[in-house]
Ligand SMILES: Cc1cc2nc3c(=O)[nH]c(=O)nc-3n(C[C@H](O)[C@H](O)[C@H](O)COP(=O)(O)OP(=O)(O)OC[C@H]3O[C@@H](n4cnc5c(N)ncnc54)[C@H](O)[C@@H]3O)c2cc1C
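Next comes just one chain, in structure tokens: the form predicted alone.
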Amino acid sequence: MAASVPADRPAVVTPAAGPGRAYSVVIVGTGFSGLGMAIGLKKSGVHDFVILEKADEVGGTWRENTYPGCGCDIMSLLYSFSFAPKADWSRMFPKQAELLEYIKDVVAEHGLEQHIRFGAEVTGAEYDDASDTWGVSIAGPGAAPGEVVRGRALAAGMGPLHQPNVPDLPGLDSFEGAMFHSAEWNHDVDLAGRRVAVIGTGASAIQFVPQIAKKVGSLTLFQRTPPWIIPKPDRRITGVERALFRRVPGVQRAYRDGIYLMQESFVLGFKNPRLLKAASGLAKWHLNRQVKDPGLRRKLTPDYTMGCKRTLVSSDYYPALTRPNVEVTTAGIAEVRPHSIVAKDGTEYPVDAIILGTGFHVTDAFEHAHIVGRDGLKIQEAWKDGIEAHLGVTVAGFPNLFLLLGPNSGLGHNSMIFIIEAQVRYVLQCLKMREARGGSRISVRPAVQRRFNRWVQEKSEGAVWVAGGCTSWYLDRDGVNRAAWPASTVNYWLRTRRLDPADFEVAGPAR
């Protein structure tokens, strides 16, 4: 449900597209992707764009996720725009509140709020062949009934992790206690002294479990697959460091570059899993040091190659699981009853609240999306054999549509903001070429998209995501890599640094 728009905030004050007129670009979302696209447009001299936001404030992932302990597992000096450094980060690994504050500061610094329509949730998008424009349907308190916003280009910046995945468990709908997904945390539910079940052990769960374990009466953690976890080298950033960042040119950039190179080194192991032995040794040492009980340690020891799933960082997750009020079960869930969960081994666990740490829809996120391209082509038909896009950005048959963090542009080792900035630069090149050639539509050639995706799958062969012995959100239901970028981020930067005009068809009269 879309949030309400504050009465003292206008729904939109950006230069409006009048009757029969279209914005240059319609952007969806105010997370890092959408805001990065908007800033790129402004820097290139384009100002007649609009950003559609379903909620009543900016932030994307860092607005939606407010669970206890929520933070980033990439260091703050790297998890930020390269053109908007923040000299006063409080910690090496930023927490949710500080990231949201940073995003709001970026919006203010670049004058973006005047372009944002709050309370305007996108419900569908259709390409109009006659005008070569996208009609974007919106609903919510910031939209008129049946309103359609039109743009000469559409940039989808929703991100890959925004649709919570609710598992299909027998009887889940019958549960009578409190139940919510970690991305939709219900802060009105007091967990103190309650019997709580947590389903899932991914990146969110390892952050909130240590926080709630301190106060619940009991916590039962239903684990399907244990994650690889390495220690989190978090600390406060000192006053001396912050002073250097502010006063000495190049110091903060040097910190950032050093962190980038350290993170980037992990890609070597993804392609050659044997190189990850040192990192997996660190993870095993971390587990052995923090968990002394051999039975629990066996449950928490992964049986797949490190990197097959995203490697997580935490120094307080394992200690939380050793608390006397916490139990880890790996039996699997047989059914959910009104006041309990029954495991497949027959054990029944009475619970007052269920928290779903079960991740998001990624490879299947567009299965029900209403996106219609040229000649009535539906996105589901275009992707009937699996989601794919050229460089994760453009899709054949969908002119003037640009995906930010689309298929195969996800990372398991480095900052997604690096990819976002590369994609924004690439989109701007596409728009510039369309205008320079006097066209009204630009579309990637189908053969180019097919060639690129053959390369993606060939590059993925033998990689840890495919051959590591696990299932993850990187892979679709057929075990094909549809999410992860299969090479270094340097490779991606080089591929998007300069658009190849031969990859695209530009046609139609400029309007």
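A residue's number is simply how far along the shown sequence it sits, counting from 1. Remember, predicted model here, so these are calculated numbers, not experimental data.
One more form of this protein, predicted together with the ligand, exists but is not displayed; see below.
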Contact with the ligand in the predicted complex for Ala120, defined as at least one heavy atom pair within 4.5 Å: yes or no?
yes
Evaluate Gly439 for contact with the ligand in the predicted complex, applying a 4.5 angstroms cut-off between non-hydrogen atoms, and reply yes or no.
no
Verify the contact flag for Ser443: yes if a non-hydrogen atom of it lies within 4.5 Å of a non-hydrogen atom of the ligand in the predicted complex, no if not.
no
Asn414: touches the ligand in the predicted complex, heavy atom cutoff 4.5 angstroms
yes
TL;DR on 49-57, 476-484, 457-465, 444-452: the one with heavy atoms within 4.5 Å of the ligand in the predicted complex is 49-57
Of Val216, Cys72, Val362, Ile354, the only residue with a heavy atom within 4.5 Å of the ligand in the predicted complex is Cys72
Find the only residue in Arg150, Arg195, Arg310, Arg425 having a heavy atom within 4.5 Å of the ligand in the predicted complex.
Arg310
Contacts from 34-48 to the ligand in the predicted complex (any heavy atom within 4.5 Å), listed N to C, are Gly34
